[in-house]
Ligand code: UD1
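Single chain ahead, written as structure tokens, the form predicted alone.
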């Protein structure tokens, strides 16, 4: 892999809308699951193998981190193999700082393997603060000594132990940190107010397959009994529900019909019911989900932790709202900085207003704060082509959808964000009939 500190080569797409998007898309495993499984593999005495992996930049970034620690990592098409072997270091190179959220998840497994850890600060999409307080307090509760330094997070822990931990908010990342740490800790860990997203459950099942003793109790509680050792395991990842929803919406926004394979209905229940209330028609089988609509009406949607409406679904939904009849409301309750993509949509003709109040649902934890976390969208409004810069993975996909529904061509810069998080998105859109041309041009540094 190339040096992760080197700047990403600037890449742009020219998008020429040609009408409704129609056709099939097959999604692979979740971006938000594959890298966590790679981290879990560090806990095994023998190699692990993860199947149905997307070909995305985050896998290569994570593989580079693991190789820097002495692991053997092989990426062959849709299969990723990790052999922890004789790890040589618990220090993740600082050049990996700010690239994704994996470094903080490495702390627990590396403490078990090496006893001392230094990892750089986390990164990922710019969708608001990503505090690591919940991670740190959980690690400390299990006996780790954690210090923040100018270089990153330094931790020591010769023998970690179980603990009773209650998360202030059901954070996915913090829940994963506890699971990845508690499985080899001495004694019992009770985790309360945990995240129960499908990707979290999938990680727990993988750890169980490795020999971990994990129980999911009612009311968001995990009980983990530490064991002495884990062995490697093999797992076939379930389909990416973010990607599946996004392509379904791409069809609806353009007046077409997209059929998504590879993601089962059960991972899309809330998304399907939301679109049905707006007037979408679905065909659902064991093999695929398809959606179309004659007319779409407005909706009021509040994002939430699982089983609520997923925060990663809201940017494609905002684009869809621009083509629906009436005033729609999006209330974001998970991340307070999830609307950076709105400015470019407004330049394309969207009528969207942002507010720092809780609109369209109960008061959330951002109530009475200055965070802009609600949007009101008027539709239908015609969109026109524009030159725009991708701010993050999900916002970038929303821009492509908007460009597909617009009048005139658009140029979308910094599409490396999309390619970091989606499996061959340019090819998938081309297969649906969208005309896309890859350009090389100056990056905004976004």
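Residue numbers count along the first chain shown, from 1. Only a predicted model underlies this, so the values are computations on that prediction, with no experimental measurement involved.
Keep in mind that the form predicted in complex with the named molecule is missing from the display, and what follows is about it.
Asker: Using heavy atoms and a 4.5 Å limit, would one call residue 173 a contact residue for the named molecule in the predicted bound form?
Answerer: Flag for residue 173 set to yes.
Asker: For residue 32, is any heavy atom within 4.5 Å of the named molecule in the predicted bound form, or not?
Answerer: Yes, residue 32 is a contact residue.
Asker: Whether residue 132 contacts the named molecule in the predicted bound form should be assessed with a 4.5 Å heavy atom distance threshold; does it?
Answerer: Because a heavy atom of residue 132 falls inside 4.5 Å of the named molecule in the predicted bound form, the answer is yes.
Asker: Wondering, does residue 197 line up within 4.5 Å of the named molecule in the predicted bound form on heavy atoms?
Answerer: The answer is yes: residue 197 has a heavy atom within 4.5 Å of the named molecule.
Asker: Go through 259, 235, 267, 101 and name the one with a heavy atom inside 4.5 Å of the named molecule in the predicted bound form.
Answerer: Exactly one listed residue reaches within 4.5 Å, namely 101.
Asker: Consider the chain as shown here, without its partner, and state which of 342, 334, 280, 73 has a heavy atom within 4.5 Å of the named molecule in the predicted bound form.
Answerer: Exactly one listed residue reaches within 4.5 Å, namely 334.
Asker: When you measure heavy atoms, are 312, 338 and 365 every one within 4.5 angstroms of the named molecule in the predicted bound form?
Answerer: Affirmative, all three are within 4.5 Å.
Asker: With the named molecule left out here, work out from 149-157, 163-171, 367-375, 282-290 which stretch has heavy atoms within 4.5 Å of it in the predicted bound form.
Answerer: Going by heavy atoms within 4.5 Å, the stretch is 163-171.
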